[in-house]
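In the block that follows, a single chain appears as structure tokens, in the form predicted alone.
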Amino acid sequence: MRTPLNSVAVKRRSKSKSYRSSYRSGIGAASRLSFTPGLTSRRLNTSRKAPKSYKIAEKVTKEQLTLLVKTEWTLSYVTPLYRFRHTQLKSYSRQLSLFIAAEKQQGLAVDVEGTQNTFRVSFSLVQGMTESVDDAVTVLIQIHSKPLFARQDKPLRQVWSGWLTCINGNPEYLRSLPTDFICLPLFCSSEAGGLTSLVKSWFQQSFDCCFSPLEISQTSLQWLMALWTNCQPESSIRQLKMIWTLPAEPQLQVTYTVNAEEAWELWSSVRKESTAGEGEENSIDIEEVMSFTQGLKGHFIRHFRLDLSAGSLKEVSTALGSAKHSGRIKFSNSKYMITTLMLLTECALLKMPI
């Protein structure tokens, strides 16, 4: 739950202020955020609202929603973008296209198998993917190319996609940023050769930002187990599947699958024992999450005489989605995407360098 203490090296362009100096000059010493030499010292929230269904299909286009739900995404966090403008997306599309072409001409771009040398980039807004008035609108990036030896009238095919988002970001942090900075801390990308690296490189050069991989901690995976199980009455999770690794030689991997009804029964018993006050019935506390996890571990010990507490939780999946410690996420149900993205946005902001 504690923010890692390792610092992050950030290279900056000389022609603009660095994020570090601009940020500090903008908020001054009076900020309520507590600083360490390299990272914020805030922790993951110990309480959050119970998940609810969002009808984002009524706001997000069918094509965008299909892409977001059907793809497994690799997560990164990105520092605030300097002078990024949502009104300049057409210009950014041209700039990134030219950047990829130039890198490819120099032999620096990794080829995407079976494509021609030309790439078409498109930036677009994903409306309806916000929760707070302080959240910047989600930006979707798609790269298309024509198959090699294809006919001239053959349509372009998508070879890469990614998006930047901020769902229910910490308002104190967002409002403390200088006006020239836009915060879209969560970056989701599909893997395709070196295109992810090229897109990140262009963003870093253009908007004075920094990308780093975002792993999903064991605590966050446990939160997802509880949040998704809580959705069982409205949208069946089918089953709760966990993958644990145990310190053995060779390493032991345990796949633990629980029937949806049994998972819900355990979760309900934990919720009934909750001491939440009046008006807090729709919130979930970390104590409930940990009790739920301990209940699952206890069930496993009784049946298999193996204590999962000695190992690490590496993956969680239900019919609503899957998440891996390595930083990969897949959404299988659009109704509860916002709930999951709230947690991931919080994780990204906690990794943010000062």
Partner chain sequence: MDESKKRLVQRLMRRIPTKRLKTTLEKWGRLTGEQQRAMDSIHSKWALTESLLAICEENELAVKHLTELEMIYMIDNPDQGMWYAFQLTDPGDDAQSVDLMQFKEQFKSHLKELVREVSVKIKKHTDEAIWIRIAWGDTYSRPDHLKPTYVVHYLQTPYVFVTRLTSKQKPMLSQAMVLSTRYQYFKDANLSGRNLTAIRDLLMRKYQQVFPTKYPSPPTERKQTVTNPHIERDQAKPAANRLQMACEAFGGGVLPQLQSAVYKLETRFRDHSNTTMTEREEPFRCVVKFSSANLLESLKSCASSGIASTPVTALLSFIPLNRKNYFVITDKGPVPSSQMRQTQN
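Nothing here was measured: the structure is a model prediction, and the numbers come from that model. Numbering follows the first chain given and starts at 1.
Just so you know, the form predicted together with its partner chain exists too; it's not on screen, but the next bit is about it.
K.L.:
Looking at its partner chain in the predicted bound form, is some heavy atom of each of Q251, E265 and L296 within 4.5 Å of it?
P.N.:
Every residue of the spot touches its partner chain in the predicted bound form.
K.L.:
Under a 4.5 angstroms heavy atom criterion, identify the one residue in P247, P233, P213, P155 near its partner chain in the predicted bound form.
P.N.:
So the residue touching its partner chain in the predicted bound form, by this definition, is P247.
K.L.:
Taking its partner chain in the predicted bound form as the reference, which of T257, N282, S91, Q106 has a non-hydrogen atom within 4.5 Å?
P.N.:
Flagged contact: T257.
K.L.:
Hey, in the predicted bound form, is V270 touching its partner chain, heavy atoms inside 4.5 Å?
P.N.:
Close contact exists here: in the predicted bound form, V270 approaches its partner chain to within 4.5 Å, heavy atoms only.
K.L.:
Please tell me whether any heavy atom belonging to A310 falls inside 4.5 Å of a heavy atom of its partner chain, as the geometry stands in the predicted bound form.
P.N.:
So A310 counts as contacting its partner chain.
K.L.:
Even though the partner isn't displayed, in the predicted bound form is L306 close enough to its partner chain, meaning a heavy atom within 4.5 Å?
P.N.:
L306: contacts its partner chain in the predicted bound form.
K.L.:
Is the gap between K70 and its partner chain in the predicted bound form 4.5 Å or less for some heavy atom pair?
P.N.:
Heavy-atom contact with its partner chain at 4.5 Å: absent for K70.
K.L.:
Among 296-304, 282-290, 313-321, 60-68, which stretch has residues whose heavy atoms lie within 4.5 Å of its partner chain in the predicted bound form?
P.N.:
In the other structure, the partner sits against 296-304.
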